[in-house]
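In the block that follows, a single chain appears as C-alpha cells, in the form predicted on its own.
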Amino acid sequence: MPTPSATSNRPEDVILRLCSLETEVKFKALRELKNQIIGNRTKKLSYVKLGAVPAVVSALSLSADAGDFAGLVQASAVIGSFACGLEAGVRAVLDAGAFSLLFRLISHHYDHKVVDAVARSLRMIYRSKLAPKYDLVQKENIDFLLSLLNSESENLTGLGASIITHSCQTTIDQKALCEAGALKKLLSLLEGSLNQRDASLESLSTIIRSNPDVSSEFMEADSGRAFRTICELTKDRYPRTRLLASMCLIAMWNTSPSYPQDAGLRTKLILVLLELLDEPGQVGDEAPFALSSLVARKEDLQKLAFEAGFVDRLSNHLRKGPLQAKRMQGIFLALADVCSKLEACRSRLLSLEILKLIAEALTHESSEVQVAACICLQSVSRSVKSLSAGLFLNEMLVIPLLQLLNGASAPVQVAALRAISNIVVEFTTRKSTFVQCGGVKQLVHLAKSMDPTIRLNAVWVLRNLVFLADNRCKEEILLELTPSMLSSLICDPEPPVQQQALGFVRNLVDGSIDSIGFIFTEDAIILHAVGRQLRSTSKDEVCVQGMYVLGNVASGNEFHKESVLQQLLPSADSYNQCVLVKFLRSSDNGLRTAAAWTVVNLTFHGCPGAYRRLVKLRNAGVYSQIKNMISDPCLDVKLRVKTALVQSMTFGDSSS
C-alpha cells in the first residue's frame, strides 16, 4: 500500500485538494501544483488535460471572495505558470475565465503582493497571441494603462508595456497612445530596471512600426537623446536588451527610410545581430528574424550584410545543427532576404552547398521550416547563371517539393509552388526530370483547386514549365492539362489566374511554327477562349498576355494569321469597336506594344494575304490609330509603329 504522503502528490489527488473547503488544504495544494509545473512543460500539459486549470481559477475566485491574500498570490502564480510558454495552457486559462477575474483584481485590489502576483500572471498571458486585445481607443482603458506605466511597481509597468506590445495593432491605436503620453513614459522607462527597459524597448518598436509620425516624434524626443540611448543599448551587456534595442532601430528605419542612415551604424547593427545568433534560447531564436527585417527589400543593406559575412555566418549555423525549428525558420528567411537582389549573395550561398540543407529542411516536421526553406530556394533560384547551369532541377529538390504539394497545408503548398515556379524556368533540357517525377499531374490537380491562391500558383508553375520547352515536353504537358481545362482557366473568375493561363498559352505557342499548332487542337477551343477573353475583360495585364498570344500565332502561316484576324475584327453585324484599336489607344505601354507587334506580324510583306489583311485593318480604323502613334512616348511602341507603317508603304498604300 502506498503511504498517504506519496499518494497526496498524485495529480488527481492534488486537483481534488484544490476543491477543498479548507483554506489551508487548498493553499498547500496550490503550492504543490506550482512546484510541480514550474519549468516542466510535460507536467503542465498533463495537468491541463486533467482539468486542473478550472479548479485553480475557482480557487482564485473563492480566495478573492474570502479575502484570502495568500491564496490569491498562490493561485495567480499557478495561472501564470500554466500560461508561460504553453499555448494549450493559455487557452485553458482563458476558457476558464481567469483573464477577466485577474483584470478585476489588478484594477481594484490594494495589497501590493496580490497585485504583483496578478500582474506577473497577466504578463504571461499577454505573451501569447491568444490573449484578448485590449481596446486602446476607450479613454478609461488608456487612463488605466497609463496608471500601470506610471506605477512604481516593476511588474505593473511591465504589464502596461506588455499590453501595448500585444494590443497596439493599428495607426489609430498608435495615435491614441501617443496623444495620451505613452511614448514619453516608455522613453522614461529606458532609464529604469532591466525588466522595465526591455519591456519599454519592445513596446516602442510596436508603437513606431509603420507610423512615420510616431517615428518622427521618437527621433526628435529630447533633441535626439532617446535615439542615442537606444543606439547605446545595442552594446548593452545583456543579450536580450541588445536584441530589443536593435529591433527598435529596425522598426524606426523601416518606417522612416528618409532619415539619415549612417552606414557605419547599420553595419554595427548587422554585426550585433550576427553575434546574437550564438545566444541560446529566445534571443538566438529571434535574432535571424530581426536580420531578415533589417535587410528585406534593401539592396544597400544586403550589400553591407554580405560584406559583414552574413551569408557565411548563417550558413555555418545551419550546418552546425541540430537547431530548434524557430531558429532554423528564421535563418532560412534571413538568407532568402539577403539573396533577393544580389547575385553575389546567391553565388556565395550556392557555393556553400546550401541546396542540400534546403532539401533536408523540406522534409522537416515543422511546416514553418518547410515554408522558410521553400522561400529560401525561391530566392536563391533567381540566379540566371545557376538556372542555366542546371543546379535546381534534380531529384534531391524536386521529389521533396512535390511531396509538399500532396496533402500539406495551403501555406506550405503555396510556398512550394512558388519555389517550383522559379526552378522550372531552367534553360536546360532537364525539364523532363520534373515531368517524369509526376510533377505535371500534381500541378494540374492543384490548378483545379477551389483556393484561388493555390490555383493561381499552380498555373504559374505550368506557365514557366513550358517556357522554352521543346515540343515533346509541351505536348506531354498539354495532354495532361487538356485544351478544355486550359480554356476554362483562361476564363477563370480570378483575373490573376486568367493572366497566368494566357501566359501559359503565350509560352506554349512560342518557338517553331509547329508550336503554334497547339492552339488549334480540339477545334481551336484555346484560340476561341483567348479571343473571348480579349473582347470581354477590362484588365490591361490580362489583355497584354492575350495580345502576345495572338501576336505569336500571327507570326505563323496564312491560316494562323487569318485565324488571328477573325478574333480581332468585329463581325459584320456587330457595332462594337475593333479591340485592336482599343488596345492601341490604351495607356498601358505593354498593351500598346503587343497590339502594334500583332499588326506587324499580320501584315508582314512576304506573306501572300498580307495586303488583304492590311485593307481589312485599315477599314477597321487600325491604321488611322497607328498613324497617330508615330510619336508615342514608349520607344518599343514607336519602333513597332514605324515597322507597321513601313510595311504598309511597301504595298504602295500611302493612304494608310
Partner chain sequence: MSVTEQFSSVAGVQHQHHHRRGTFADHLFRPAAPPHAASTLAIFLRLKCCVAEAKEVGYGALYENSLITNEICENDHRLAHSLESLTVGVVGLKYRNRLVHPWGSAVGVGNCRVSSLITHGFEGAVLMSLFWIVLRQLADIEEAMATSRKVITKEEWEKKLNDVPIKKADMNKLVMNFLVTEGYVDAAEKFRQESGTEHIDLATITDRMAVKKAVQCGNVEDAIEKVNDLNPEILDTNPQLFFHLQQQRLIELIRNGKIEEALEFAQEELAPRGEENQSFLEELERTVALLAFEDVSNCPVGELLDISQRLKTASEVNAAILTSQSHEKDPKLPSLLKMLIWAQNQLDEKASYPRINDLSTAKLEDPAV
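The term rigid core refers to the most C-alpha atoms you can superpose between the two forms while keeping them within 1.5 Å. Treat the numbers as computed from the prediction; the structure is a model and nothing was measured. Residue numbers count along the first chain shown, from 1.
Below, we refer to the form predicted together with the partner chain, which is not included among the displayed structures.
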I'd like to know whether Ile630 contacts the partner chain in the predicted bound form, with contact meaning heavy atoms within 4.5 angstroms. no
I'd like to know if Leu468 sits close to the partner chain in the predicted bound form, meaning any non-hydrogen atom pair within 4.5 angstroms. no
Check whether Lys129 has any heavy atom within 4.5 Å of a heavy atom of the partner chain in the predicted bound form, and answer yes or no. no
Using a 4.5 angstroms cut-off on non-hydrogen atoms, would Asn507 count as touching the partner chain in the predicted bound form? no
Counting only non-hydrogen atoms, choose the one of 351-359, 117-125, 135-143, 457-465 that falls within 4.5 Å of the partner chain in the predicted bound form. 117-125
Selected contact from Glu191, Asp514, Glu494, Glu275, since only one has a non-hydrogen atom within 4.5 angstroms of the partner chain in the predicted bound form: Glu275
In the predicted bound form, the residue from Gln74, Ser379, Ser215, Gln442 that sits within 4.5 Å of the partner chain by heavy atoms: Gln74
Who in 43-58 is close to the partner chain in the predicted bound form, meaning a heavy atom within 4.5 Å? Lys43, Lys44
For Gly85, does the CA position differ by 2 Å or more between the shown form and the other one when the superposition is done on the rigid core? yes
At a 2 Å cut-off on C-alpha positions, does Tyr623 qualify as shifted between the shown form and the other one after fitting the rigid core? no
